[in-house]
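Below sits a lone chain in structure tokens, taken as the form predicted alone.
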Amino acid sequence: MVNMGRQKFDAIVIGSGIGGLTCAALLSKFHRKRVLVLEQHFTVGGFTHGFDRKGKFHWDVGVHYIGEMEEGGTGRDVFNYITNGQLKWQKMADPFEKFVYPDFTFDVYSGAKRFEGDLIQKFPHERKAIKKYFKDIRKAAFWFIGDSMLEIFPFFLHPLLRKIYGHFGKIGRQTTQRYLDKNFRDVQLKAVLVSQWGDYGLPPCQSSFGTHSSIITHFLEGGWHPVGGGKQIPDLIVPTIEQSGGIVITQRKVAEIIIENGVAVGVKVQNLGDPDAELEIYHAPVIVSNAGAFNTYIKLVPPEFPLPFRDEIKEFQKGTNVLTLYLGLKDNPQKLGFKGENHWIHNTYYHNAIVDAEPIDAEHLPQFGYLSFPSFKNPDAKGHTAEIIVAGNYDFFSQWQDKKWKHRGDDYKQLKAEITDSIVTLVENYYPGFRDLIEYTELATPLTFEHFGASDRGAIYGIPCTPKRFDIPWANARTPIKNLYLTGVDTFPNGIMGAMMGGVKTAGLIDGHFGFLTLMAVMMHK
């Protein structure tokens, strides 16, 4: 066996989610660095990985749809660069979303003008406010991106840059609910406008309007999905890392970041495939953590290293939890009228009540569910599949948190069976006959996401994008520790695209000021 600890690496990346893989690929391809990527899961990709059951059902864990993937778009250019042009995309057919409520359904088509026009047609009495909304979401999204990218510029430019985009912060920093209440009167319209809050994980009373706006503008031109499924993303990025001599290793859990004289110099690693093995030690002049700010600063940086914001990190609002029900279908869902669009199903107009609702069990149906059909988005699918995501609560499952995956007991299995039935009933109430399509079910709880993703309390969205999130000093790619960087969704929200751009930002910062702009120039001219 090769002694990996004796091999020389130019950088070490902790975690193989899209942020970590993007950063590693850019360091490998553009800077010709030899990068070691360490992943604690037994498969690569973080929330871009997928899994199969019964030889015919396939699901993507986190890649449900991605916006701004048109030819010439920034995201498309980055993916083309880090996959050497191998990753292909399929656009979802229109309407690509349906916002479903007890008394009406609103279809969403690609194109900002179409979306705006359809809203005005349904809510003509709010015409003026709707037109203002489409102007404001662009302003707030501009502020959101500007604030997320501020650290790529030299510090002496920050005051000037804040003046350029800062006045949009008055729009972007307020809560989404405050914006809605100030500008709209129609309760139905307010509900429709925030129907996609599950994309960023916060109800309107908690999310910043800039966060909301970044997601809405992201999907204005429709949704795309990688051909072959989300697993194509890591499968096609890893070879780019390996081309410069880099290595991606699974079942390696980083236990500690080694810091000497205030400088990050390496990592101590557990081999999860061999519990009796001694800790492996790897050294490199650059350490990049895609494990999230909480894990990095609270779990990986030695406790004796002085950090001024440890208590603030521990006390900051916890991320939203979800449950995901994976369904294998025995018949084509087209027989019920489904064509591959996403369905945002809501039992109420009042989204703020959803996260505080009673726990989901045999007596309580979820108030919200996101229904999608992975098999419709993947032309290579062998069997029909669906998945339903609902809001969850980690504390409801915490009594089983110390038990191992697949060994949490019959009471846990019974609870999951009851929740599964409740989630299916939610959909069945809107689409009679849906239950009869189901052949296979598998439910992932917050404990599942905690086990495989190692995130704090199984949260999947990163640091919650409340207005306070934009004032914290520990949500940056740069850290107080020399040669240690963060990357991923905690450095650039939201979702797959945000995490990927976090990887670009970190790779650019490692190259110094204006390194990000240099990288983007290269990728956009390929």
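What you see is a predicted model, and the numbers here were worked out from it, not measured in a lab. One-based numbering along the sequence shown.
Another form exists, predicted together with a small molecule; not displayed. Remarks below refer to it.
Of the candidate stretches 70-78, 180-188, 289-297, 402-410, only 289-297 contains residues with a heavy atom within 4.5 Å of the small molecule in the predicted bound form. Although the partner is absent from this view, L26 stays clear of the small molecule in the predicted bound form, with no non-hydrogen atom inside 4.5 angstroms. Using a 4.5 angstroms limit between non-hydrogen atoms, F452 touches the small molecule in the predicted bound form.
Though the partner is left out of this view, I66 does reach within 4.5 Å of the small molecule in the predicted bound form, counting heavy atoms only. Contact check for N476: every heavy atom lies farther than 4.5 Å from the small molecule in the predicted bound form. Among I463, L36, I496, L484, the residue placing a heavy atom within 4.5 Å of the small molecule in the predicted bound form is I496.
Scanning T217, T175, T324, T83 against the small molecule in the predicted bound form with a 4.5 Å heavy atom cut-off leaves one residue, T324.
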